[in-house]
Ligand code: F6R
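Quick setup: one chain, the form predicted on its own, written in structure tokens, and binding and motion questions come after.
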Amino acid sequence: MRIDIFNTYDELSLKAKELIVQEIRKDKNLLLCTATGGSPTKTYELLGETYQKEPELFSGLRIIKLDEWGGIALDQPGSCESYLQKHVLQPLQIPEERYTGFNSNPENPNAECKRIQERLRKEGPIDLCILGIGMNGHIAFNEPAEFLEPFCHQAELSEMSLQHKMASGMQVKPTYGLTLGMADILHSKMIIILIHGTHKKEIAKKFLSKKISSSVPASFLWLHPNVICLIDSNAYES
């Protein structure tokens, strides 16, 4: 794993944007897996600025949503869908045929997971996966547990995840998560994980210890041959 440390969140975000653009230049039909939350927001904003200058660069880009809160309306503020529409899909003008995303309130969550898994089988593997790290070490909604799921699944959300700003402000609270599994993520050709803020210092220290455990799902990224960790100095403890 390559670890790059930055003085500020803006510097971290600029580097993430540059890495994403670099990969899109190599493959215009790149399949990009997009996390939501505070960590990648500035990166996506910078991608939007690049789109304004070079819209043709994004003409074949494909997007797959990493995860989604379950049991809420798809257009509810705080849903991953609403976030991605605002920060990625609309700014980059990604049409429906180049986007794969979980329905947040399916009649049958397991069937929805199978649908996304089949789409990933046809479209994938993921070329570049953007990740953050949860306060408890989760990636996507792969929560700390005795066992981790390899493929798309309905996830039981931890109390810590339910306290996330995206969920805590919802009027209708999510009752489960829908997420890509650990194998789906680890089959990505390249992974960028973004870590910033003093509130992430403790979990960043556990993650960077290189000790692999299902109690810190993100630690499995140490098994992947092509991971770049971009971390700011507020989260990094030397």
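In case it trips you up, residue 1 is the first one in the sequence shown, and so on. Note that the coordinates shown come from a computational prediction; the quantities given were computed from them, not determined experimentally.
Not on display, but discussed next: the form predicted in complex with the named molecule.
Between the named molecule and the residues I192, L66, A204, L47, the one pair within 4.5 Å by heavy atoms in the model of the complex involves L66. Of the candidates P109, G134, G78, P91, G134 is the one whose heavy atoms come within 4.5 Å of the named molecule in the model of the complex; the others do not. Taking the partner from the other structure, the named molecule in the model of the complex has a heavy atom within 4.5 Å of a heavy atom of G37.
Although the partner is absent here, R62 sits far enough away that none of its heavy atoms falls within 4.5 Å of the named molecule in the model of the complex.
Contact check for C129: no non-hydrogen atom falls within 4.5 Å of the named molecule in the model of the complex. Contact between K42 and the named molecule in the model of the complex is not found at the 4.5 Å heavy atom cutoff. Stretch 136 to 144 is the contacting one of 136 to 144, 110 to 118, 150 to 158, 96 to 104, since its residues have non-hydrogen atoms within 4.5 Å of the named molecule in the model of the complex. Residue K200 is the only member of 179 to 206 with a non-hydrogen atom no more than 4.5 angstroms from the named molecule in the model of the complex.
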